[in-house]
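One chain is shown next in structure tokens, namely the form predicted alone.
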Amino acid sequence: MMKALLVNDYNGPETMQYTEIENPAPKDNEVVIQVQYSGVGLVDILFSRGFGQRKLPFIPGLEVSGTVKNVGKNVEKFKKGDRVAALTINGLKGFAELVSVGEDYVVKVPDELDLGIAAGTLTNTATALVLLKEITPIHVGGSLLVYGATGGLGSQVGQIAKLLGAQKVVGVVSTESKKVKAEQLGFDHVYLQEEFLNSSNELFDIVVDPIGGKQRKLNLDRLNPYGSLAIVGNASQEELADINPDTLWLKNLSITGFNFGMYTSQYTKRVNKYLEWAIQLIYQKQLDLPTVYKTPISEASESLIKLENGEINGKLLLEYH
């Protein structure tokens, strides 16, 4: 038996239960990981409050790191004891002591790289890489604006845009303390949200919006001709923006939605290369994660509530002993 953090209803982190369940058995192409860290995303909290109406009960969790415990009979790349990180975004299930996951979603972690950092890297860094390489490519000399610039995803989008040749990368945040953190992450300029909405007239080739809410419609006025609004989340859970599609036609604009979970289920082999790339960028110190917060799995509910309330700004990890 192992322990896992279960969602048994849609009442949020408050009613999650850390309880015993059966150990996973690997299928032929799967790797069983003894989890040391689970990465937490805001979407885990949204799922626990009924977003997507996932079948109950379920185990949240998009990414993990740890060591290989055993492997299926067709697995050749990994062996017992290997240090690894894995994407669990398709079936969730990452908030558990043991996770069984397809080998294409698993990557080795260099000995010198902290397993906590590895667990906090996969989802957000790979999402940013796919977004800016394939979905809305940033061209050399281009400009990009990202909301939530110190969040798990926003922090990676800004840095990767720079690595891919963007000339101007601007962030939008909600507080002065977040503004300082975003500046430390290398953004060319950082605005407070109200300041940006009310005073700035800057235009961009790409606007990346994981937040949603009232500014989503206004973002179309922030785009250069042939610019793109990339919708990658709805963290605010506010009312959806009413956008006239003729605006796109008349102004030569586009709106692109990108769901990384769906992408990973459709392009498994390609995702593996992005996961390896993400780990290497962090290992080679070409990217920084936002502030990392490690909390024991036994205190997960309290920490998830703090994340939801904005009391944790950065990357939250659940730690197993």
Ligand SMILES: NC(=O)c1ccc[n+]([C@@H]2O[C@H](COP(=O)([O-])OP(=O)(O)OC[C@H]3O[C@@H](n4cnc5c(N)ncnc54)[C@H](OP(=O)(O)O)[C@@H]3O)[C@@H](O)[C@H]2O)c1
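Just count from 1 along the sequence shown to find any residue number. Note that the coordinates shown come from a computational prediction; the quantities given were computed from them, not determined experimentally.
Beyond what is shown, the protein has a form predicted together with this ligand; the following relates to that form.
The closest heavy atom approach of Tyr274 to this ligand in the predicted complex falls outside 4.5 Å.
Taking non-hydrogen atoms only, Ser174 approaches this ligand to within 4.5 angstroms in the predicted complex. Although the partner is absent from this view, Gly41 contacts this ligand in the predicted complex, with a non-hydrogen atom inside 4.5 angstroms.
By the criterion of a heavy atom within 4.5 Å, Ala235 is counted among the residues contacting this ligand in the predicted complex. The partner is absent here; in the predicted complex, the one residue of Val71, Leu132, Leu185, Ile211 having a heavy atom within 4.5 Å of this ligand is Ile211. This chain is displayed alone, yet in the predicted complex one of Gly152, Gly142, Gly227, Gly102 has a heavy atom within 4.5 Å of this ligand; that residue is Gly152. The chain is drawn here without this ligand; in the predicted complex, the stretch among 106-114, 92-100, 159-167, 235-243 whose residues come within 4.5 Å of it by any heavy atom is 235-243. Along 175-191, a single residue, Lys178, places a heavy atom within 4.5 Å of this ligand in the predicted complex.
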